[in-house]
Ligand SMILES: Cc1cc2nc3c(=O)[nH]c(=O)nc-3n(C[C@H](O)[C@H](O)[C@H](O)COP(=O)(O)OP(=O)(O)OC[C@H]3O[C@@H](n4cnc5c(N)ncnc54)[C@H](O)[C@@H]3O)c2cc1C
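Presented as structure tokens, the chain that follows is alone, the form predicted on its own.
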């Protein structure tokens, strides 16, 4: 066992939620430790779009210039691809702080974005433990002790103990584990499983981000950095099993989940098929899930939760990164006003939960309603009819999802 080290806060997970919280706290003079199990850069199942409403926040985090230099083109149109229907409408311009000068979002691969954020946190003074996995959290006097192990499998005598009064869980909701903030994992036929791939050579217009709907699922496409087109989607577990079985019988052999998903997209969504017609896969398909939409507890047992573990929207509205960045910033802002002692941290937890719900609950509920329609029986046909006759609902939907609402403290 290595000697314990003490910090003001320990952040578990170095995605956008964890690093935005760590970076903001470090800039306030806190001593912060970040524990991240993966080696960076690494790709993630994620739509990768960042709304322009976050640009003032990215500026405060001091990565906006790097983001502008790396990210894909401005997304000025929102689209809808379903069956043989392809409809486009204007993307609403975000309310922007004059210093940012931007009104439209752009996409940046998580392999690039997460590295930018983590490097900024390290430069601000955060101690980064990577690759290390948090395997236990225990109360230790006025602090909590987090046991971490380098890599995925190490013996207990090679563990390190980190101590802090504040623990920030930013490890996401998709992976089960031993921590009290991690969720259990049970499979259901209706589960939505996430898939993601990059393609080069796509013919998708550079300023267009379409929503895709297809039997059993939904997804999105957007041109990201370095000419990569990012395609992400969710599909029901039972539909995926049926597709794999049908293809296996047709081709006389095993078919991977990714192969079945791509085949299904091309066969049932003309807009996606055209965008992918001349494209080539850039790296392997990724899979994760099931996704866990809904609003959860933001503070429990002296552990604060940010990102997906605090609450998760259906990715049909493409606001996952925005919610992650903003939740981390929101928590850091509340913690920055707190004094010492568990009672004061509990008060912070109550304020943070209330602020989180005020900022995100509409997005979560709207996304759930849209996703239920898209996946439900006859939902795709109904959406096609509505969007063909009233394309402006795409613009209204983008506004309702929060793409024009400034990050907290910047409106």
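Positions refer to the first chain, counted from 1. Predicted model only: the values in this text are computed from it and were never measured.
The form predicted together with this ligand exists for this protein as well; it is not shown, and the discussion that follows is about that form.
Enquirer: Does residue 37 reach this ligand in the predicted bound form, with heavy atoms at most 4.5 Å apart?
Expert: Answer yes; at least one heavy atom of residue 37 falls within 4.5 Å of this ligand in the predicted bound form.
Enquirer: With the partner left out of view, is residue 172 within 4.5 angstroms of this ligand in the predicted bound form by any non-hydrogen atom?
Expert: Yes, residue 172 lies within 4.5 Å of this ligand in the predicted bound form.
Enquirer: Should residue 60 be counted as a contact of this ligand in the predicted bound form, where contact means heavy atoms within 4.5 Å?
Expert: No, residue 60 stays farther than 4.5 Å from this ligand in the predicted bound form.
Enquirer: Can residue 334 be called a contact residue for this ligand in the predicted bound form at 4.5 Å between heavy atoms?
Expert: Taking the distances in the predicted bound form, the answer for residue 334 is no, it never comes within 4.5 Å of this ligand.
Enquirer: This ligand in the predicted bound form: within 4.5 Å of a heavy atom of each of 13, 232 and 320?
Expert: Checked in the predicted bound form: all three residues contact this ligand.
Enquirer: So this ligand isn't shown here. In the predicted bound form, which residue out of 160, 182, 86, 144 has a non-hydrogen atom within 4.5 Å of it?
Expert: Partner contact (heavy atom, 4.5 Å) among the options: 182.
Enquirer: With this ligand left out of view, choose which of 66, 45, 348, 370 has a non-hydrogen atom within 4.5 angstroms of it in the predicted bound form.
Expert: By the 4.5 Å heavy-atom cutoff, the listed residue in contact is 45.
Enquirer: Would you point out which of 28-36, 380-388, 362-370, 348-356 contains residues with a non-hydrogen atom within 4.5 Å of this ligand in the predicted bound form?
Expert: Partner-contacting stretch among the options: 28-36.
Enquirer: Scan 256-273 and write down, in order along the chain, each residue with a heavy atom lying within 4.5 Å of this ligand in the predicted bound form.
Expert: Contacting residues: none.
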